[in-house]
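So this first bit is one chain, no partners, the form predicted on its own, shown in structure tokens.
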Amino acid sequence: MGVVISFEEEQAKAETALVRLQALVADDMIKVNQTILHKMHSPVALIPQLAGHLIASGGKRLRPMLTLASSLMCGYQGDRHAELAACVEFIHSATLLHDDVVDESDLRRGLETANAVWGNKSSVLVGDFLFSRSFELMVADGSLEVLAILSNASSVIAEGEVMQLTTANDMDTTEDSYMQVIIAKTAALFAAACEIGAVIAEESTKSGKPGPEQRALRSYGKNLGIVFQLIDDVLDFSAEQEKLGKSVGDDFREGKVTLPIVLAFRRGDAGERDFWRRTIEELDQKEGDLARAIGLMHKYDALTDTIERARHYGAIAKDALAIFPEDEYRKALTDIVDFCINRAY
């Protein structure tokens, strides 16, 4: 007989997974935070002030934790993983500063964005500073392989952001085009954050040649990143968003074409497609349009099916870890996939 598990139970398990991962890397995260604080220092007072506002705004630091856990799962012993985890967080923070300017966002995790407080020019320039600090950390690490992986990820992220601009306000965007955008803008950094964990472990114990662990962690990170972004796109139309300190419907108001919108548009009738073209392509939005958009997504199961897509990529991420021993690190990284999916509930 089957066992029925409630969403509340699944969410509780997922939250436990995050706590378990945080506990496993807690000592190393102290080193990561120390590196971040040290590298944020600048005689130009606005730089640490603005960067500190973003970094202290309550993020889970998931990406640097992935670097730490991946390194430890591969048997790495040393300090390089903490420095590189800080590097990953700087890249992520820089992209957030730039994204908030491009998206004209006023809130992030319930707090005013840096651009809302200090203006767009300051946010862009401090984002550039954080990117520069990340490259300093890459060079200081001394590994050409690590430098290649993280620098490539940085350029791919920028390409993804530009691709997203080209798909904005375009209801002819296909699911394939949407996937290309999120693989570049989100999944690339997840993949790099995990892959470098295997690289430094290989460099410290073997010839440094790419091995199955590196390929597996790249696949795990990429697919986890896809999961993360798919669920983010669902959350933009969910009441759960308000609990995270974010407003509902930002993507809709900005004319971003995400998978729930793509699916609802493709499955709708002629009148409903006209609605999407008016609100997304022309940005001619009236009171009640957001509610109608969410209603159409429910009518055509667009949100549910987006979550199912996330489950598919989550299964691929979990399977990628099969080559590793069944230890506490593998379990934590496996369970964090469910954490990312269950944010939708």
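Residue numbers here begin at 1 and follow the sequence given. All values derive from a computational prediction rather than experimental measurement.
Form predicted in complex with another copy of the chain: not shown, discussed below.
Original post:
Each of A116, I231 and E287 near another copy of the chain in the predicted complex, meaning some heavy atom within 4.5 Å?
Top reply: Verified in the predicted complex; spot residues all out of contact, no.
Original post:
So in the predicted complex, does any heavy atom of A26 sit within 4.5 Å of another copy of the chain?
Top reply: No.
Original post:
Taking heavy atoms and a 4.5 Å cut-off, does P212 contact another copy of the chain in the predicted complex?
Top reply: Output for P212 is no: heavy atoms all beyond 4.5 Å of another copy of the chain.
Original post:
Is S154 close to another copy of the chain in the predicted complex, meaning a heavy atom pair under 4.5 Å apart or at it?
Top reply: Although another copy of the chain is absent here, S154 would touch it in the predicted complex, with heavy atoms inside 4.5 Å.
Original post:
For M171, is any heavy atom within 4.5 Å of another copy of the chain in the predicted complex, or not?
Top reply: Output for M171 is no: heavy atoms all beyond 4.5 Å of another copy of the chain.
Subject >> Which of 78-86, 222-230, 163-171, 195-203 sits within 4.5 Å of another copy of the chain in the predicted complex, heavy atom basis >> reply: Comparing against another copy of the chain in the predicted complex, the contact stretch is 163-171.
**OP:** Name the single residue among R218, H98, R253, H92 that comes within 4.5 Å of another copy of the chain in the predicted complex, judging by heavy atoms.
**Re:** Checked against the cut-off, the match is H98.
Original post:
Quick one: of D274, E159, E112, E175, which gets a non-hydrogen atom within 4.5 angstroms of another copy of the chain in the predicted complex?
Top reply: Selected residue: E159.
**OP:** Counting only non-hydrogen atoms and a 4.5 Å cut-off, give the residues of 69-85 close to another copy of the chain in the predicted complex.
**Re:** Stretch hits: zero.
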